[in-house]
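Only one chain is shown below, in structure tokens, and it's the form predicted alone.
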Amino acid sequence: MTFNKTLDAIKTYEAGKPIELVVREFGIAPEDVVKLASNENPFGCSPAVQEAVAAILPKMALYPDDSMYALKGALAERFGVGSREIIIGAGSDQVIEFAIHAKAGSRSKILMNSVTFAMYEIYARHVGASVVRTASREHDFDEFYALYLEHRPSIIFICTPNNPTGDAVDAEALTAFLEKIDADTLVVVDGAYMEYTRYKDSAKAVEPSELIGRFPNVLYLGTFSKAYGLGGMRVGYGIAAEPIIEALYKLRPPFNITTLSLEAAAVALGDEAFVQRSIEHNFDQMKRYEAFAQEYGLETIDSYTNFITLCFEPPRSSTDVAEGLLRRGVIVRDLSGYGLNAIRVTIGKPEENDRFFALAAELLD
């Protein structure tokens, strides 16, 4: 059987390994497996969310509210935008898919950082678009602008803070860059981890209302999978001027978010105290990783997220370290596939981090 030729250029996205796989492959008891690979909130979601979802379980037989009135209203109030300037997706990556299909085609070019979220390129390949990447590991706006002038891309992706590295751009630098981009180029600003950035450094905090108020060609992305602890519910959102949202809605399938997911996200948004505690814990524990890296002579990338990137110098190999940890029941993300001799480690609970430090020390010693 033959398939669309555009598939030939697409590499399948590799998600973080689930606990169940490690249990099956290595015979480790589930309670002895620590998952620090997918940047989930180690404390799960707000207890209020669990109660709210349990209360509406009888509604599972009914289709969800396709207007998403409650969640869009809550997001509009939180960010100071209009409900008609919001689209909800099954994770923010679905909104990325909408954006690429709406704006790009086989003759298009899409500009992105050298190391960034893999789904940008995968969705670009879906439509046969060409991918243009910078050379720098961090977002260098001078380099972005030079490539923009050379290639005139249909879409530019700015991931801040960046996944999988964790660094973030200054908000003023982003604004200065956007001022130089023509109005027909769609700029997607992916702020999946912005709650963490906003807590750590206000100078790097990007506010959606300010972006779309000044730049009608910008689409801001957010998610409930990280700080809000709803990765399993798959809820993300895009915020942009109405003409962009109207175009994306033409690609949105009906009922793309479940009833339970809509309720969970709306309630999660209202429990800021839970999110704040989670973020405070995150950066307290991150200091331990920075100290561990210093002790073992490892480079770290200054992180504005809920994970940290640990970089190795040969003969140490990130693949060997990640595999060694996996066989001992600790799941981390090997970044060799991104061209980095590094691992990405989600900041876990204190006891989970203890386990990582003990086992990583054995391997590194």
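Quick caveat: nothing in here was measured; it's all calculated off a predicted structure. Residue numbers here begin at 1 and follow the sequence given.
The next section is about a form of this same protein that is not shown, the form predicted in complex with a small molecule.
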The one residue among 166, 91, 229, 153 placing a heavy atom within 4.5 Å of the small molecule in the predicted complex is 91
Proximity to the small molecule in the predicted complex, single hit among 87, 159, 211, 267 (heavy atom within 4.5 Å):
159
For the three residues 117, 120 and 193, verify that every one has a non-hydrogen atom within 4.5 Å of the small molecule in the predicted complex; reply yes or no.
yes
Please pick out the stretch from 77-85, 221-229, 281-289, 246-254 that is in contact with the small molecule in the predicted complex, where contact means heavy atoms within 4.5 Å.
221-229
Does any part of residue 96 reach within 4.5 Å of the small molecule in the predicted complex? Heavy atoms only, please.
yes
Does residue 234 reach the small molecule in the predicted complex, with heavy atoms at most 4.5 Å apart?
yes
